[in-house]
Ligand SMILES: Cc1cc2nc3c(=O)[nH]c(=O)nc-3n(C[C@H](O)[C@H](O)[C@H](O)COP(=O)(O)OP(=O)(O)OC[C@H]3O[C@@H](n4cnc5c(N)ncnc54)[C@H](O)[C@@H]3O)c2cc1C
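One chain comes next, on its own, written as structure tokens: the form predicted on its own.
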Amino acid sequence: MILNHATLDQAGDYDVAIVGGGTAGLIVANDLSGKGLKVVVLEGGGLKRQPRSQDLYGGEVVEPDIHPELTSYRVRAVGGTSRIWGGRVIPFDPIDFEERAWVPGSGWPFGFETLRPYYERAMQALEAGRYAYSPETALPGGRRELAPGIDGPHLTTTIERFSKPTNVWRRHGRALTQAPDVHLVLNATVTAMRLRPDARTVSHLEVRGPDGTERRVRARATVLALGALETARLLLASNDVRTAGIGNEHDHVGRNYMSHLCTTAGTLTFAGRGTDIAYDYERDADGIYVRRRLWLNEEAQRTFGLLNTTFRTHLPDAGNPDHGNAILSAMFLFKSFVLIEYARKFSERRADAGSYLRHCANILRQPRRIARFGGNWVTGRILADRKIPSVVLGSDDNRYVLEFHAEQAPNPDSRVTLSDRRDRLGMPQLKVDWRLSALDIDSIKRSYHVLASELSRTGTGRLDYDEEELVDRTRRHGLVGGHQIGTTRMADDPRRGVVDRDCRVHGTSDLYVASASVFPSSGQANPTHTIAALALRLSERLTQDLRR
């Protein structure tokens, strides 16, 4: 049932108040529905992304040339960033949950097996098919390795799976709006949480509408499902009883702000026949798109002290017409029709009039190729319900641009704080100071070295790269803007984190967090699958506790 902000006062108290209607918030709400609990979802945006609402995300970035502005990669509308999500669904690896001696601050309060059943349930919520992440299980009878003979003691071919991509609002919206036990309130921004005098329980939430009018919501349990940045902002700004902010007795809220490091550097030249390279997307028995990639496995990480890192074949720079490829030139010329969060990857150079003419010439020279590609793209991407995830192209000479996707280590000095400025609803804005560490850079360098050594040892290929360029590209282009991780890390000891193993904020009995902000480490995997798994685990805990 959808309510408006003005009717909140007449709705009464709730069992669970969920702050944020994105992936985590909607999954928790959908899983709680029908369990005998009265639930409200407070979403700060509306049914669509609107500039005036989006502006409430504004704030200060210390390094604007490296970190995107705060209104990018976040969607202030019901469904949240699942509305612009690429759809990659990958679980964390077992080693990610371990306390690793070479990664300060690593270690989760529980191991992989604790989250495994929720990972499996999350596959259905995200429409990603079966829980199968090796070529043998995902594509039985198919080719196992990315290239014949490439796997070894330190290198393993694994599978990444893709959702439709799923807009979680479209996935669960109809059921939630028809559910009598779930109230969805749009354009309802929670600007503060007020604690009772004992400082252990939430008295009420202050909720403002677009016109600034305030309502109050009371619930037996509150779940913050706002993402890493807004969760930290709300906890820090709610400082009337706990002056440092809720959950911040040990100065952890906002710290250890992580992302992933991902960019292209170097060229991978495979030996053997081009037809033996399994670079492309395939569909499993259920029609789910999957793709192979190379993983520096647990043995490699332990042996060489590496952060978790994977590699994929990638496209040449589409903005450079020297590639002579009609498809790449078309991608560059039509990038204005792509979401800005993805279009910025197409080129790092400015194009002059001569470049545009050369792009047009590339297209004119290959009319059949571009026509065939266009037809396949319309049917496979634009019209299809389950969309092909992205453009991948083979190579006539077996040479591929290499892309890495790597873990960023926890770093307490990489953090978000409150600025002196306030938005139009009166909330303090954020100041974001995202930082790389020496470990991040050193691990990337050593990961490239290990990959090059393995290719040489197995005779399966050659990796050519310039280490200075690799480091420069990592520093300037490595940040994955949409992967906002950390700021309310999970730890059993309140002196080491913000929430406990059940995602309950330390020092409170009724306040929980459901987002990537609770991740103690970032792993190599995109965060959405783990967000969904933790959300399902949290909803199970809430149901048990509140029924008691």
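Model, not experiment: these values are computed from the prediction. One rule holds for the numbers: they count along the sequence shown, beginning at 1.
Same protein, other form: the form predicted in complex with the named molecule, not shown, and the subject of what follows.
Only one listed stretch (315 to 323, 80 to 88, 240 to 248, 357 to 365) carries heavy atoms within 4.5 Å of the named molecule in the predicted bound form, and that stretch is 80 to 88. Although the partner is absent here, Arg76 sits close enough that one of its heavy atoms falls within 4.5 Å of the named molecule in the predicted bound form.
Looking at Ala17, you'd find every heavy atom of it more than 4.5 angstroms from the named molecule in the predicted bound form. Although the partner is absent here, Gly254 sits far enough away that none of its heavy atoms falls within 4.5 Å of the named molecule in the predicted bound form.
Residue contact check for Tyr512: none of its heavy atoms lie within 4.5 Å of the named molecule in the predicted bound form.
Checking Lys38, Arg501, His67, His483 against the named molecule in the predicted bound form, a heavy atom within 4.5 Å turns up for just one residue: His483.
Screening Thr460, Gln301, Thr222, Thr189 for any heavy atom within 4.5 Å of the named molecule in the predicted bound form leaves a single hit, Thr189.
Heavy atoms of every residue among Gly44, Pro527 and Ile531 are located within 4.5 Å of the named molecule in the predicted bound form. Along 46 to 67, a non-hydrogen atom within 4.5 Å of the named molecule in the predicted bound form is carried only by Tyr57.
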